[in-house]
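Taking the form predicted on its own, here's one chain by itself in structure tokens.
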């Protein structure tokens, strides 16, 4: 991204800058935050949105794909969302503003609005290709800060909801998980109406802590969703990240994980359900910076209609990260001749005592399997549904939580009923 070149701004870029001018005086933050916001929007103004020429955005030409930016409408009604797991505590954000937080023993909540007003909580990204970060920094207005105390084990999943009724929504969820703590957090991204959504979750995981983080993205068919999940794992910490993308018109979900403590373990499971003319891009960068650590990333994609998707996965193993065991796989099931999915796995290894590997496959439904089911009296549509579900079910079942597995499989069934 060349920030010194002069460019002709697109309609979407112009609307983004105009929205900042109109809203900047009403956005929270101290003097330092105001300067940071100004720097972020100036970077966008100078370089524009990324195109395929920017390596990190090679499969998502944001400048072309983001054709319009909806206006802010903070007064539009927002429907409540029941928690995925009945009885789970919920911390909600509605139209970019904090709505409510629960009472949970051992967990403290703070509004991101207050954080911005009291201290400089955001900084301009060091990477020039971090467009999601720049947009969010410029516009973020709300979110929940969450701190889980040392040794706390949550009895039920905590659900963080980002809900909207349309327009623009920009939120953050800074989360700290204390040493030896154990928790499951569900991040819900959903709403009604055309919207531009940016959401960043920034997680610190203490020594010996175990965190399961579930992202369920079900945006409307005319919404652009720009998500970013970043985490740092201390010594012997374990993170399991599960992502389900089942909506949105234009989706970019970034995952940036750093295993900085010896013995850290990162597990990622991702399901992308693509239909219509949806475009979904999952981009992951994993840094192994400490020895005796492990990671496994499995991505499963189902593509129908004219949908297009991409998975870019980069694993970087530092020289100090000896005895790292890192593996990555991406498997795609094409249900349409018009859709497509691109995969770009990368390994960057500077240690000499490691076990690392990656693989990728693209296939269609096996005609023999389909025939087998149909020959036993199962209709073609139901047979296809069963085969798709089997392709995805083993990834969901890795969660080893019966209630979560049941809810997520029900969402698979609902998606296939609409798009299969």
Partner chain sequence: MLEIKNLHVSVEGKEILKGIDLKVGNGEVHSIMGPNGSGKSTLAQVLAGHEAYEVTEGSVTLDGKDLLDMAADERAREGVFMAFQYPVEIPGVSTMEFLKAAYNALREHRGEGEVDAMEFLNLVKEKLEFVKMDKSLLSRSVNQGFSGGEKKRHEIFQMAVLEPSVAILDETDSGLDIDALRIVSEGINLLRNPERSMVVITHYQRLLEHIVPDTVHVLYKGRIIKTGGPELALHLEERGYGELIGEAA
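Every value quoted in this text rests on a predicted model; they were computed, and no experiment measured them. Residue numbers count along the first chain shown, from 1.
What follows is about the form predicted in complex with the partner chain, which we do not show.
Comment: the partner chain is not present in this chain, but in the predicted complex one of 26, 52, 64, 376 has a heavy atom within 4.5 Å of it, namely 376. A single residue from the set 389, 45, 58, 358 has any heavy atom within 4.5 angstroms of the partner chain in the predicted complex; that residue is 389. Among heavy atoms of residue 380, some come within 4.5 Å of the partner chain in the predicted complex. In short, of 362-370, 34-42, 348-356, 66-74 it is 362-370 that has heavy atoms within 4.5 Å of the partner chain in the predicted complex.
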